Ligand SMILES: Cc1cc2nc3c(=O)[nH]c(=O)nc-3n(C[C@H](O)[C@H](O)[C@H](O)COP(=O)(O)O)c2cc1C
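Given as structure tokens, the chain that follows is alone and in the form predicted alone.
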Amino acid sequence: MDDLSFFDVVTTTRAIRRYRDEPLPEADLARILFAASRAPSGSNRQPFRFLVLRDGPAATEARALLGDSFRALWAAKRAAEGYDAGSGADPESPKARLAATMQHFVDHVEQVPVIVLACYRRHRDPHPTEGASIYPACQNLLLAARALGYGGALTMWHGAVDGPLHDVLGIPDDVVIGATITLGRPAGRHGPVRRRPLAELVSEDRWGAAPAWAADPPGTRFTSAGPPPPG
């Protein structure tokens, strides 16, 4: 996959939640995590740490905890946000298909080839900007995975079992789990991501003044998700 251009990778890296039953070769896993480790961080402290869960005894116990947490939090989100109401009652609707994908994801989290806990070591009290020192590394990881033909999904659904995970995995108290990232070979295919038109997202000189040069490449497809544009 090394012949993919930078823009190929950036424009086709989307959340992958269905995986083939294939292990990740350790050489590829090392390349992915090397790319993650090259990310910037505040004051270049490099506080990020990556805890890889495959098939060891502690990993197996942690996967069971994550499965319980993922299923409980998805069930709450599914009910609270009405995924089964309205168009969600039609199994062919985008809303219902997304719900089915999410259900498959949480039901099979224990079987995902690799789970990475993206962590960081705090050097001060919790601060609103501390994510700036871990999430660039997470994005590097996902882009590198895509470049090698793999896919992943970043979630915060470890939150309900954060304490037990620290205990089972021996994570020090001053280390925070910033994200859980699942990785594997996609069961489906990669494809161009759909986002809002560039002119809705970019202003020049004054807020809301879209410049003429903020134009999407020919053939770009857009999403209907997200909040409606103003006006």
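A residue's number is simply how far along the shown sequence it sits, counting from 1. Since this is a predicted model, take the numbers as computed values, not measurements.
The form predicted together with the ligand is left out here; the points below concern that form.
Colleague: Can you work out whether the ligand is within 4.5 angstroms of a heavy atom in all three of R49, R122 and V161 in the predicted bound form?
Modeller: Result no, not one residue of the spot touches the ligand.
Colleague: Does any part of R20 reach within 4.5 Å of the ligand in the predicted bound form? Heavy atoms only, please.
Modeller: R20 lies outside the contact set for the ligand.
Colleague: Considering only heavy atoms, tell me if R31 and the ligand come within 4.5 Å of each other in the predicted bound form.
Modeller: No, no contact at 4.5 Å.
Colleague: In the predicted bound form, does A214 have a heavy atom within 4.5 Å of the ligand?
Modeller: No, no contact at 4.5 Å.
Colleague: Test of understanding: in the predicted bound form, would A72 fall inside 4.5 Å of the ligand by heavy atoms?
Modeller: Residue-level check for A72: no, no contact with the ligand.
Colleague: Which residue, R185, R38, R54, R195, is the contact with the ligand in the predicted bound form, using a 4.5 Å heavy atom cutoff?
Modeller: Checked against the cut-off, the match is R195.
Colleague: Tell me which stretch of 87 to 95, 123 to 131, 153 to 161, 109 to 117 has a heavy atom within 4.5 angstroms of the ligand in the predicted bound form.
Modeller: Looking at the other structure, the answer is 153 to 161.
Colleague: Any residue of 94 to 113 with a heavy atom within 4.5 Å of the ligand in the predicted bound form counts; write them all down in order.
Modeller: The stretch touches the partner through M102, F105.
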